[in-house]
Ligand code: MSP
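Take a look at this one chain, the form predicted on its own, written out in C-alpha cells.
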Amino acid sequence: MNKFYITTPIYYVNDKPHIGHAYTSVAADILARWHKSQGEEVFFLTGTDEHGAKVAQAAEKAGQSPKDFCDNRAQDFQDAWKLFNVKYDKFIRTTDAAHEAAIKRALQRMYERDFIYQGTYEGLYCTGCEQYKIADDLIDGKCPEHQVEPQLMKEESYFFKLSFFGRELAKRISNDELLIEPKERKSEVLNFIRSGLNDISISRKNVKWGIPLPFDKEHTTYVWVDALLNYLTGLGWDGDNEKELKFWPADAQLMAKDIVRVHSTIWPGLLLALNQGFKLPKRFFVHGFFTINGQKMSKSLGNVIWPEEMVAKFSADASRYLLAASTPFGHDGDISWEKLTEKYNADLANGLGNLVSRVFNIIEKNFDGKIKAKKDKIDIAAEMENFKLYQALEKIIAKIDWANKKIDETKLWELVKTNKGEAQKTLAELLGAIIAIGEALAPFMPETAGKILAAAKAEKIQKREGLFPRIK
C-alpha cells in the first residue's frame, strides 16, 4: 500500500486555538491533500490533549468541571479547523474511553517489562509546561516559555527508564532512521541525548485529573506519556494487541520547536519499551514560531491573532495561503495584520485574482469564450516531498507574475485588435498557465483552485469578478 500517515501534535486545551496552532494544522492539511493528489492513501490525525494539572486549574478558574471544560475547548479546536477547511481523518481526544483504556494497558505492559519503577522525585517543576526542569533549561531562574519560576517539588513517583534507550535513540536519529528536520533541530536533539538522558517521572500523586496508573490507583499518568501514545491509539491501537496497524509508522509528524526534545526522546523511548515490533516514526518536521511585529504573541499584550478574526478578514483560502507563504516552513517568522494585508493584496488581489479576471474577460469579449489552453505545468513535487511549502508557493507566484507581465508586455488588450492570431496564441499560453496555477494551488487553496479550474476548463469561458477583492 502506498500510504502517508501525517500527524499534528494534539493541542493542549488550557486555552483557545490561535494562529500558531493553525499554522501546524494547515501545513499538515496541505501536505495531506498533496499526497492524496499523488494517489497515496492518506491518514491525517489531529486532536486535543486534555489531562493534567494545568487543565484542571483552567477549568476551576472557568467555574467548570474538567470534563465540561475539555468538551468546550475540544469543540473550539474543531471549529477552528473547520474555519480553515482542515480535513483531518480523525480528531482524537485523550479523554476518549478507548484512548484511556489503551494507555492503561500500555503502562501495565511496560511495568511488567520493568521499564517503570517506583521512586521519589525532587526537582523543579513548571506547571505551564507540565515538565520538570533542570538549571540549564531556565533563563534568570525562570522557564523561558512561561516566564515563571518553577516550583521545587518532592514527591513519590513512578519513573520510566528513558536512560536505558539513550544510546539506541542517538544511533537511530544519527543515521536518519528517525529523520529530524531542519538539520539544526537534529543537532539540538543529538546534543541533548548525548549529554545523558535521565529516567523521567511519569506519574503524579496529587493530580486527580488524569488516567490512573493501572498498578497504583493513587497515581495518575504524567500528561506527556498519555499524550504521545495518541499517535498509536488514533489508529485504533488498543494498548495490547499485536495486530499490524495499517498506517504505522508515521510518515510525517509535525510539531513546533518547543516540543521536539520530548518527541525525540520520550516518544520513541515508549515505542521501544513496548516491544511490539513498532517501527519508529519516519520523520519529524519541526517548525518555528510566529512573532507579531517582533514580539511574542501574548494575550496580555493583546497581540494574538485568532483564527476566526483571520478568516473573517481574508477568507479561509487566503488565510491558508498567508500562513504558508509568510515564512519558510521550519523557520521563525514575523507577521502582523499590516504585513498579512500587504501580502494578500500583492499576491492574491493584484496577482492571482487580477490575472484570472483579465484573461477570462479578454477571452469572453474577443473569442466568444473559446480558447484551447496550451498544456503547462508547475512542478512542485520536490518542494512538497521536502516540506518546502513556502518555496512551492514561490514557484506558483513566479508563474502568476510571468503571466501578468506577459499581458502587459504584449499589450494584449491592443493585440486582440491588431493581430488576432498572435493574441489567440498568447491567450492559449496564459490559459494553460492559469490551469497549471490552479492545479498547483489545489492543496493550499482548495476552494479557489476548484473555482479556477472549473471556469478555465469550461466549454465556454466567461468573465468573472475578482477572486480576491482588495482589502484596506
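Numbers for residues come from their place in the sequence shown, where the first is 1. All values derive from a computational prediction rather than experimental measurement.
There is another form of the same protein, the form predicted together with the named molecule; it is not shown, and what comes next is about it.
- A heavy atom within 4.5 Å of the named molecule in the predicted complex is found for exactly one of D334, D240, D258, E168: D258.
- Of the listed positions (F289, W248, F159, F91), a single one reaches within 4.5 angstroms of the named molecule by any non-hydrogen atom in the predicted complex, namely F289.
- Proximity of L348 to the named molecule in the predicted complex falls outside the 4.5 Å heavy atom cutoff.
- Proximity of N230 to the named molecule in the predicted complex falls within the 4.5 Å heavy atom cutoff.
- Interface residue remark: D29 is not counted as part of the site for the named molecule in the predicted complex, having no heavy atom within 4.5 Å.
- The closest heavy atom approach of H263 to the named molecule in the predicted complex falls within 4.5 Å.
- Only one segment in the set 230 to 238, 378 to 386, 182 to 190, 350 to 358 has residues whose heavy atoms sit within 4.5 Å of the named molecule in the predicted complex; it is 230 to 238.
- Taking the named molecule as positioned in the predicted complex, none of the residues of 328 to 364 brings a heavy atom within 4.5 Å of it.
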